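Next comes just one chain, in structure tokens: the form predicted on its own.
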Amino acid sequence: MSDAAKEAFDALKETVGRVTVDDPKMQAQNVDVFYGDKQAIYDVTLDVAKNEVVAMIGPSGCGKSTFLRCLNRMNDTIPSCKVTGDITLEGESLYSKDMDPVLLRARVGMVFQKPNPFAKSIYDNVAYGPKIHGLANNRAELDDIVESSLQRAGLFDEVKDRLTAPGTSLSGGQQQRLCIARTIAVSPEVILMDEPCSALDPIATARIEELIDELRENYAIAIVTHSMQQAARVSQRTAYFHLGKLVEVGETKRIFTNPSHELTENYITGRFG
């Protein structure tokens, strides 16, 4: 990192660290992430609010997906990864010894870059989570959860006559909505999305973006996207990451029209990234 960039980071550190929201669902404070001896995330503080979409943008390799994976402890699956700092969900520490990662991932669901339906029927893809978490007492209740989840994911009308068909038989956009239905079937509090539209065509992308806006009414949502246009369309706040640091976060409209930091402006205007 150049001396000028380092000075700019240091100058903004206090400002970025104070950026919070009135009604946070999740709070990450002073988070550092290491892969062995290599540090990937530096001192990131960021809230995710109820009924809000916060978008994380930045150049490839800037740490946005790494940070997102901290929010439901997906980085636990990487032996060399160490996370420090404090991340809480409704005041509960995600990394305390009392926090069960399996239960946490039911509360904080994740939708990945590429649709990844299970090798099961459409019905069983959605029913899997409620079954293992004991959310249904009988088949009728399970049927209700499956139908409701597919409805909320905007997929039920398209698949109601073929629920026994493999989830992998659906189109790419439908598979991603199936994965979203699978996520919300366990009644999460937060939904994380890691570039959920990068493998989809424009029509499927538009449908997922509409769905994200609808889901915001019931969930806190954090999305990583490589598309600045998508961030502008779906989010209320945008966070810009660069070289593992949170450079700037604020109301999406302001970030895209009047960014405070030169690095953000350079990225938004296409000068690098």
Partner chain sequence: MNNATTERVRATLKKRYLKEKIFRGFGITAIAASLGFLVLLLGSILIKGLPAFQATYLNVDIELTEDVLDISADASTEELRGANFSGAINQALRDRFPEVTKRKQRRQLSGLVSSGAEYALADYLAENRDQFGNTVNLWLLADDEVDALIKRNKDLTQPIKRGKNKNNESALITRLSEDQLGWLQSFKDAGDTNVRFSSTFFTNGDSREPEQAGIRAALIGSAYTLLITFVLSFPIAVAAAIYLEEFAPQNRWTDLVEVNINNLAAVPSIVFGLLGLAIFINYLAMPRSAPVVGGIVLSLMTLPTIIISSRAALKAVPPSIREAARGLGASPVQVVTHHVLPLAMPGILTGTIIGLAQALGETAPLLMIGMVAFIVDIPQSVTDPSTVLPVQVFLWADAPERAFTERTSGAILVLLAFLVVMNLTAVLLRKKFERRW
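This one's a predicted model, so the numbers in the text were calculated from it and none came from an experiment. Residue numbers count along the first chain shown, from 1.
Not pictured, yet referred to below: the form predicted together with the partner chain.
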* Could you check which residue among 216, 207, 233, 69 gets a heavy atom within 4.5 Å of the partner chain in the model of the complex? => 69
* Among 147-155, 196-204, 131-139, 90-98, which stretch sits within 4.5 Å of the partner chain in the model of the complex, heavy atoms only? -> 131-139
* Answer yes if any heavy atom of residue 120 is within 4.5 Å of a heavy atom of the partner chain in the model of the complex; otherwise answer no. => yes
* Could you tell me if residue 168 has a non-hydrogen atom within 4.5 Å of the partner chain in the model of the complex? -> yes
* Classify residue 83 as contacting or not contacting the partner chain in the model of the complex by the rule of any non-hydrogen atom within 4.5 angstroms, answering yes or no. => no
* Touches the partner chain in the model of the complex: residue 182 (any heavy atom, 4.5 Å) -> yes
